[in-house]
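Heads up, the chain shows up twice below as structure tokens, two forms, tagged structure 1 and structure 2.
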Structure 1
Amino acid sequence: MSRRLRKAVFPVAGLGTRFLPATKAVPKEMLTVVDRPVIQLAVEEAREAGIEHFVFVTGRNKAVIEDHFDKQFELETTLKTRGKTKELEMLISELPSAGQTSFTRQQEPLGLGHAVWCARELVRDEPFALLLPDMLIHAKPGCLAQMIDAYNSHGGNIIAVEEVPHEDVHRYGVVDVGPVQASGAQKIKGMVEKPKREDAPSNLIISGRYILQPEIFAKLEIQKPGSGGEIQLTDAMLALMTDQEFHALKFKGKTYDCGDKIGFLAANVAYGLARADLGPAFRKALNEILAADKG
């Protein structure tokens, strides 16, 4: 029987240099897809999957993320006075309960592996989910919920993966897998962080969603810097593979890499079109823009 997953970690310490000047004073995780910050969408995915505690690994200039997941008395009072009940109910229903969030800081940008290691005292001795908020996944049920099904069959460690064109593999972690099993998952035989196209074992990339066992922290503690001179989670997972099983799950859904401008713009279009309240009017506006652009 797999140990129940209660906690999720969100690494949000990155500088967001690709989005300057927008990210001079606003953390990249607070950039919005339609009307929700990217980080909120990741938290919603975790919540929908049954996660009860949300651990954020932040950094300098990220305090607004903490404020975002806090109660805003003044705002709530104003909404109440003005009779804006719908907005008020939405704010309240989307807020994690008291005690459900924890924040710690990655003091230096030493890599994703180091960021995850910074959460060790908050996660302690239990399995946890890890969601990289840059990778926005549009899926129903959500990607993490799909992974939990695989976790309930296999236990151990589960990584969400997807196929990308071979020319893009150098931007990601890449896995080598065995045959598809009854659960839909595949046993992982190897993995490598940001390989050259010719060295990549496949075109199956790590999509920024993980279910990990707490033994990963001991591996991260001694992990030497790898690709890009950073402490890489992929290298520590590879080390843990000698002791524990890892499975890859090709989830059903569409990923938008919001760490990239095109991915971020595409996410806004896709999420806008998918919204019942905005979709029809937005489609019309988009069609007009596209028609004018052709001419």
Structure 2
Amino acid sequence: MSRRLRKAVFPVAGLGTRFLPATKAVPKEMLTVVDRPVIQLAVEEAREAGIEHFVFVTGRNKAVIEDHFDKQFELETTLKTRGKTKELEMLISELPSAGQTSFTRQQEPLGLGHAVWCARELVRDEPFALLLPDMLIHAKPGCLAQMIDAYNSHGGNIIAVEEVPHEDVHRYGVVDVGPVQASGAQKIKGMVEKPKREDAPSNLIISGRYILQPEIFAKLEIQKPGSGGEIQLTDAMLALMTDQEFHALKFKGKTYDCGDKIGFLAANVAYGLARADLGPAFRKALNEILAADKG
């Protein structure tokens, strides 16, 4: 029987250099998709999936993320005084409860694997979800909820994957998989980081959502630096694969890479069009812009 999943880890220590000068003072995770920071959308995905404890691995100049998930008495008092009941209720409903958030520091930029390892004392001996906030997944139900359904069927470690054109596989981590199982997942036989097209075992790429067993920390503890001189999570997962099963789940949804300017702009368009309160007017505005651009 699989152990219940209660915790999620969010690595948010990156510098966001691709979004300078905006990220000189604002963490890239606080850049907004319509009216919500990217990190809040990732947390909402985890909450929808039943996650109870949110662990943030931060770095320097990221205190605003901690403040965002805290009560703001002056703002709430102002909203109450001005009769902004709807806005006040929204803020209160989206606020994690006391004790549901934890923050730890990654003092040096030593890679994703190292960021995950920094959360070890907060996760301890429990399975956990790992969500990369840059990879925003637009899906209903959310990607992590879909993964937990598969996890409840067979436990183990699960990685969200999606198909890309074969000519793009060299940009991603690619999995080698077996047949589709009853849960919808496929057993992973191997993983390759950024392979040449002719060497790729499939066109299924790792998409920034993971369910991992706590034994990954022991592998990260002894993991030597890999590509770019960083501690690579993929290398540690390959080491753990000799002891535990890994499954890939091809989720239903669309990924937007919000660490990339085009992906970030596309996410704003997709999320804006999906909003019942904004979609029709936004679509009209977009069509007018496109028509003017054609002219």
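All residue numbers here follow the sequence of structure 1, with the first residue given the number 1. Only the largest set of C-alpha atoms that superpose within 1.5 Å between the two forms is called the rigid core. Since this is a predicted model, take the numbers as computed values, not measurements.
Given these two structures of one chain, say which is the form predicted together with 1-O-phosphono-alpha-D-glucopyranose (G1P). Note: form predicted together with 1-O-phosphono-alpha-D-glucopyranose (G1P) is structure 1; the other is not.
Once the core is aligned, does E108 move its Cα by at least 2 Å between structures 1 and 2? No.
Determine whether the C-alpha of D168 shifts by 2 Å or more between structures 1 and 2 once the rigid core is superposed. Result for D168: yes, a 2 Å-plus shift.
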